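Only one chain is shown below, in structure tokens, and it's the form predicted alone.
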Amino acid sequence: MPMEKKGNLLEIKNLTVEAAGRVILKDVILSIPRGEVAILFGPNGSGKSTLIKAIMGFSGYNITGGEIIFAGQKINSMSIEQRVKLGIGLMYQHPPKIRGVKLEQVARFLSRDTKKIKELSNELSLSEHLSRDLNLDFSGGEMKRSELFQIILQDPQLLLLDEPESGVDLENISTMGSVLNEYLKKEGKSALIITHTGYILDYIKAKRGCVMIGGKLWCVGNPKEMFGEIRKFGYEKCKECHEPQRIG
């Protein structure tokens, strides 16, 4: 599909990735149109986080085949910094704790809009955390809200969210879900979201879900319907019903 305003923001073509001497992803094909959200399900160790880290350009995740194309540019050999500047943002599953670096310092580095920083920190109940060291002694919910705060200030076109509800109570998920939903309503914003709990589906509008098992994408469909089937029958049922898929 030609890259145009309403075309694909992300295209992954036959992507094979090795890490620690093992093949983790095998010929993955996935596309995400501009303005759309895709949900990625799968058991632990299936390659979901590897896919996100390969898109982001983390070291140790070696692309041995295929291409990652973002906004019409092949990014296989680009640095993380270059990918961030192009418009890709990552919300970590396990955010780092950094002593001596205040959350407010990070916020001001990401955005010069002091009004936006104030309003967003209020929305995410982080106003009192701005003067604290980044994620140090933060609860699980505070860390995830802090991550969402930072990624929205970065203002990427593509958000990569690795289990945003992990270790977070329902009140925090509600707060984060509402803020994330408003962000994704902006024109051209897209996301790839990994979830195990499915709670995030109550707050965002996602058109497609897909399942990763053994480094391959096995099926695609309505994410809420898929999650209901996964809860009933487990992931292996996907392999019984479908051949590996080209998602795009």
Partner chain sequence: MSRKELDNFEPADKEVIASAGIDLEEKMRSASFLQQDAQTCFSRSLIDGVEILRIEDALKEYPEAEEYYGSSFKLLGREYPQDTEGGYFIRVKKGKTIELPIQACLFLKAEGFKQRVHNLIIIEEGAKVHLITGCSAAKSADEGFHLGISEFFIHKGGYLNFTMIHSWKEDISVKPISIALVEERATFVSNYVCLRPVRDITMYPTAVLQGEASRASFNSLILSHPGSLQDIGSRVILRAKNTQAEIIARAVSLGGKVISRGHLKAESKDVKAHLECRGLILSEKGIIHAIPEMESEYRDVDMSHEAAIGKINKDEIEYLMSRGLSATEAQSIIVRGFMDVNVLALPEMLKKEIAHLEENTLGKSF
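Being a predicted model, the structure only gives us computed values, none of them experimental. Residue numbers count along the first chain shown, from 1.
The next section is about a form of this same protein that is not shown, the form predicted together with the partner chain.
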| query | finding |
| --- | --- |
| Touches the partner chain in the predicted complex: S59 (any heavy atom, 4.5 Å) | yes |
| Non-hydrogen atom contact P95 with the partner chain in the predicted complex at 4.5 angstroms | yes |
| Residue contact check: L90 to the partner chain in the predicted complex, 4.5 Å heavy atom | yes |
| Interface membership of L134, the partner chain in the predicted complex, 4.5 Å heavy atom rule | yes |
| Location of the partner chain contact in the predicted complex, chosen stretch of 67-75, 81-89, 121-129, 162-170 [non-hydrogen atom, 4.5 Å] | 81-89 |
| Heavy atom contacts to the partner chain in the predicted complex at 4.5 Å, residues of 144-172 in sequence order | E147, Q150, Q154 |
